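Just one chain follows, in the form predicted on its own, and it is written as structure tokens.
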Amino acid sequence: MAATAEQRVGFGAFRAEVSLTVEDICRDYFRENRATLKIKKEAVAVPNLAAFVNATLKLSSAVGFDAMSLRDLCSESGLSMGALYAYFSSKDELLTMIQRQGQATVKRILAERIDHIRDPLPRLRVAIRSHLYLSELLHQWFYFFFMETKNLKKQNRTIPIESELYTERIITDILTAGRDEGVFSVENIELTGAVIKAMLQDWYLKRWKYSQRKVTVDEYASFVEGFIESAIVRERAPNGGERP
């Protein structure tokens, strides 16, 4: 099956189309919560929120979220404790903001990229690339979601777990539709979806490995697509029927 123009979108084009930064995510948060935030000027609040989020992601990667103090956070961000408390009353509130905004952003963009695609194979291809490209754009955010989940208090694990299961369900729903339409041959939908999700996670969890091998995100996306399709796509005979 020939790739459509949308399926051939590489990371550079995706980045230009999506145009997503930490500041963009913080702007969404500010606009949704303006009424409850002490700072009402967007031009002031958004850069400050982004500074706190970036500092949190950096410190969490180095020492872990639990070990990070609010004073460490302020020092890394270059902002004062007073500025921090203008947005967040505690570390838990900061954590919830990062979790919820990250989850909402990923859901929104994945939906925008795949919801209009009817055919299962093109839909799966775009879902794979969109997930990989999002994790490339927001590498620290994705890494934080996965690595910190096991260290969080039980009540704070819900959102990261929901996010992982959400993207896995997108994949399994596509696989189910493809099997029902005779496009895919998949015996165990749930296990196949979990394995595909693990391949997508490997890109942002083990970036060092691919960097050493000089593998780009576009090369990895093409490999994952080809690997999965070779395993699940039903081969068609020249007359259009299935091969025996």
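Note that the structure is a prediction, hence the values are computed from the model and not measured. Don't overthink the numbering: it's just position in the shown sequence, from 1.
Another form exists, predicted together with another copy of the chain; not displayed. Remarks below refer to it.
* Touches another copy of the chain in the predicted bound form: residue 88 (any heavy atom, 4.5 Å) -> Contact check for residue 88: no, nothing within 4.5 Å of another copy of the chain in the predicted bound form.
* At the 4.5 Å heavy atom threshold, is residue 54 in contact with another copy of the chain in the predicted bound form? -> Although another copy of the chain is absent here, residue 54 would stay clear of it in the predicted bound form, with no heavy atoms inside 4.5 Å.
* Asked: Does the 4.5 Å heavy atom contact test between residue 76 and another copy of the chain in the predicted bound form come out positive?
  -> Because no heavy atom of residue 76 falls inside 4.5 Å of another copy of the chain in the predicted bound form, the answer is no.
* **residue 36 within 4.5 Å of another copy of the chain in the predicted bound form, heavy atoms** => Residue-level check for residue 36: no, no contact with another copy of the chain.
* in the predicted bound form, the one of 202, 181, 28, 42 near another copy of the chain [non-hydrogen atom within 4.5 angstroms] -> When another copy of the chain is considered in the predicted bound form, the option within 4.5 Å is 202.
* Among 81, 161, 111, 104, which has any heavy atom within 4.5 Å of another copy of the chain in the predicted bound form? -> Checking each option against another copy of the chain in the predicted bound form, the one that comes within 4.5 Å is 161.
* Which of 112 to 120, 138 to 146, 125 to 133, 92 to 100 sits within 4.5 Å of another copy of the chain in the predicted bound form, heavy atom basis -> Among the candidates, contact is made by 138 to 146.
* Quick one: name the residues from 175 to 193 with any non-hydrogen atom within 4.5 angstroms of another copy of the chain in the predicted bound form. => Heavy-atom contacts to another copy of the chain in the predicted bound form: 188, 190, 191, 192.
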